[in-house]
Structure formats: structure tokens, C-alpha cells
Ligand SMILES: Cc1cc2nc3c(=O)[nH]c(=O)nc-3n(C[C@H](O)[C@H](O)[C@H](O)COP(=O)(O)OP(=O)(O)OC[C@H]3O[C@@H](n4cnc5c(N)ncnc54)[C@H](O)[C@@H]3O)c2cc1C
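Shown here is one chain on its own, the form predicted on its own, set out as C-alpha cells.
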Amino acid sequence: MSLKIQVKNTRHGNPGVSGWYAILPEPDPPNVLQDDITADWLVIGGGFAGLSAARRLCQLRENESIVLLDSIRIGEGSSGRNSGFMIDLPHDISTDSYAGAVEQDVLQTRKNRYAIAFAAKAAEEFGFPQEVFNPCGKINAAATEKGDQHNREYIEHLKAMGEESTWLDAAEMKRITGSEYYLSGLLTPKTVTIQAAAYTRGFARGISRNVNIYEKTPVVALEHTNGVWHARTPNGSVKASKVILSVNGHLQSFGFMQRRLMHIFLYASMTRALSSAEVRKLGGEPSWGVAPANPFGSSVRKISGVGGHRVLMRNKFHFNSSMEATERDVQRAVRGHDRSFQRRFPMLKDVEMEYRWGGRLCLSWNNVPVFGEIEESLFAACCQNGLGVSKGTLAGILAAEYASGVRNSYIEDYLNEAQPTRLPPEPFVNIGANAYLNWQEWCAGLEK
């Protein structure tokens, strides 16, 4: 008996040009699939999960052939559009202070660090420079008394977990960021900052010695017949015994988890390259990253290296069940970015934003992933619930292990998760979700 899947949407749906991608040198022309080929393994999706799954398969199945397909250029999709934090500690964006139950957060931290260690080994093997993979930690920055209190509560949670952190006062925050805006900060030392597009592009280059990678090659149909999966693309096809779907929210485009996945866009702006005089005016350290004490505030990165010295601002949540946002959505969403930037950096009043873009997150109502064998020899590593760099990496590793017959406690934890809860019908879910997001952003106040 055969199973046929017609892919309903092959568009990536992310608006604008990511600054992370735009400041990199132009990549080589894409390798587009033009033939009918056969492999032992097919990985669909070239983000954090798909790249990690492919690398783990190389380690576990070194004598077997692996093909990875991506519908666009690697680094252009959601994995190249985030703030660039590979976070180890609890980071539940649905709470006021990121924290959950202590025992649960200890376990999740252990899993995140398993993923980060995997990424660190890849970064070393592939020769990533520090600006691409920097284990410098992350600062939760507080601009208000309420944010400061959130950080103090988070410290107590970290102590209960047995985790170290360093309190930063206003003077120390200014020394690091150059800005007098922040009252305090909380440094947690084991987060890694990445240049999101450079990381994914470099990772793909690194595994390409053992993985056949095809870009601009969307899967338009999948069929399972006689124990073999047949993936059809616009100009070719792949036959493989096993398939790993690492497409995050686009899992529903393949017909799975309908009305169970929430698609939320987050928007970012990146400045033009700062002049030498502007860099001196700003002061602070050459590179740093702060997340907001309130999850609905602004993440800010200062970067230096390829592309020059720049500042990135990221805030504004927008629920869109269609999985697609437009340039108009970007312009509407980023109106506040310039105000957020000027509040923090008045010394840079003449610095314009050069790039503005959106990137999509996938969450479930009950904060669970989609993982495991969803059809015979078809495995999912999707729905990362807003922590895509760490959790996407982890899901890809574990999916490759599970599909290869490996069993461990992390895989068992994933398999024991409930299914994502069914969402309310439209238009109620759209109205309700955006009302909630707007309310939380209003409550974030000057943290935004």
C-alpha cells in the first residue's frame, strides 16, 4: 500500500533580506537537483535541525549515502534570521521570566548543552572564527525596575538549579554595551552567540564532503511505496529508504499536525556599518549580546568582523497562521525598532537601519515538540518552541540517532511527550494570539 503526500506550500514565507545573510560574501551558485537519484537517507530542510541530523548520520552511518534538500539557499531561511543566541538555560518565552519548574529546567539545560557541545565540535572541525561561534555567554538586560526584579527572581531560580551567574550593575552594563540605558544585567556564561547565516552556511560547507546538498530544490511531493520513499522536486527526484523531515512549522505543509502548530514571526533590524568615529562614540566591547529581562522586550546584538561594526535590534511578535508575512508586515512591525535603538544609543542618532526582516518561529500550545516516526521510515524533528538554535540542533541529533536505532534517555523523553494540542478555530486563534502578544509587548514597556 502506498502513501502519497502532496506538499501544499513550498514558499519559505519569511519577509525581507536578513542582515546576517546580506553582509556575508556572495555564496557560490547553488547546486540544484536536476536528476533522479537514490540515497540511503534523505534529510528535508537545511536549518539547524536538518544540518545537525545530516552530520549525526555521517557519524553513525559513515558508509551510507545522505542527501539533504533545501527549498532556498541555506542561511536564507528562519535559521539565518534569529538573534543568534545558542542558549543553554531555561528560556520559555511564554513566561514572564523564562523560568519553569526546577527539575524540568535542569533536564532541559542538560539537553541544550548536549546540543551545544555537538555544535562546538562542528565549529572546531569546520574552522569557524569567533565571530561565527563565540562561547561568550549571554546577558539578560534590564531597563526598568520591573525588569531588574525579573532578573533577581531568575537568579534565585538559577541558584535552585545549581547554575552560576554574574550580576552586572549599570556601570558594568555601560562598559560592555556603551549604553546608559540599562539598570542592570545578569550574565550567564555558557550561551554561545553565533552569526546565524554564517553558521548555517559554514556548517553546510563542512558536511558537504559527506552529504550531497541541493539548494533551491523544494520537495513538492512524497510517496512511500514498497518500503521506499520517493521525493519529487521540480526538476528531479530522490529515492531513499529513510527520510528525516526537519522543516519546523512547514510540517503542516506536508499534511501533518494540522491546526496544532502556531506560526509566530519575530522582526529584526540591522544598522549600516558604523564608521570609526561612531564606533568610538558608542564605546563598549566590540561584540556582545543582550536578551531582554522580559521575554517580550528587545534582544540587541553588537557585532564586528565581516560586514563591519553593526547593531541588531529584534522585537515584535506577530501570529500568522498562513506561515507567510509580507514587506508590509515588516514595515508595520519595525516601526518601533528605531525608537528602541535611539533610546539605547542616542549617541548614534544619525545611524540608519540598513536591513529589516522577519523570521518565523514554530510553537505548540502546550509547548511540546513534534518528534519521532510519524509514518513508516519517516521521522520528524520539528516545532522547537522558540529556542530553535539549541532545540533545533538537539532535535536533529536525536532524530538521526533514533532513526539509526540508537536509544537514550533524551530520545525517550522526546518520545514520551504529548502531541501538540489542537488550536482553536479561525478567526479566534488569530485574534486571540495577536491580542495576547500585543498585550505582553505593552506590558514589557521600556524593556522593548
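Since the structure is predicted, the reported quantities are computational estimates derived from the model, not experimental observations. In this text, residue numbers run from 1 along the sequence as written.
Keep in mind that the form predicted together with this ligand is missing from the display, and what follows is about it.
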Although this ligand is absent from this view, report whether L33 comes within 4.5 Å of it in the model of the complex, heavy atoms only. no
Is S71 close to this ligand in the model of the complex, meaning a heavy atom pair under 4.5 Å apart or at it? yes
Considering non-hydrogen atoms and a 4.5 Å limit, does this ligand approach H150 in the model of the complex? no
If we define contact as a non-hydrogen atom of the residue within 4.5 angstroms of the partner, is L266 a contact of this ligand in the model of the complex? yes
Identify whether this ligand in the model of the complex is within 4.5 Å of every residue in the set R56, Q108 and A400, based on non-hydrogen atoms. no
In the model of the complex, the one of Q195, T177, N294, S78 near this ligand [non-hydrogen atom within 4.5 angstroms]: S78
Hey, of 418-426, 23-31, 46-54, 400-408, which bit sits against this ligand in the model of the complex at 4.5 Å between non-hydrogen atoms? 46-54
Suppose contact means any heavy atom within 4.5 Å; which members of 228-254 contact this ligand in the model of the complex? S246, V247, N248, H250, F254
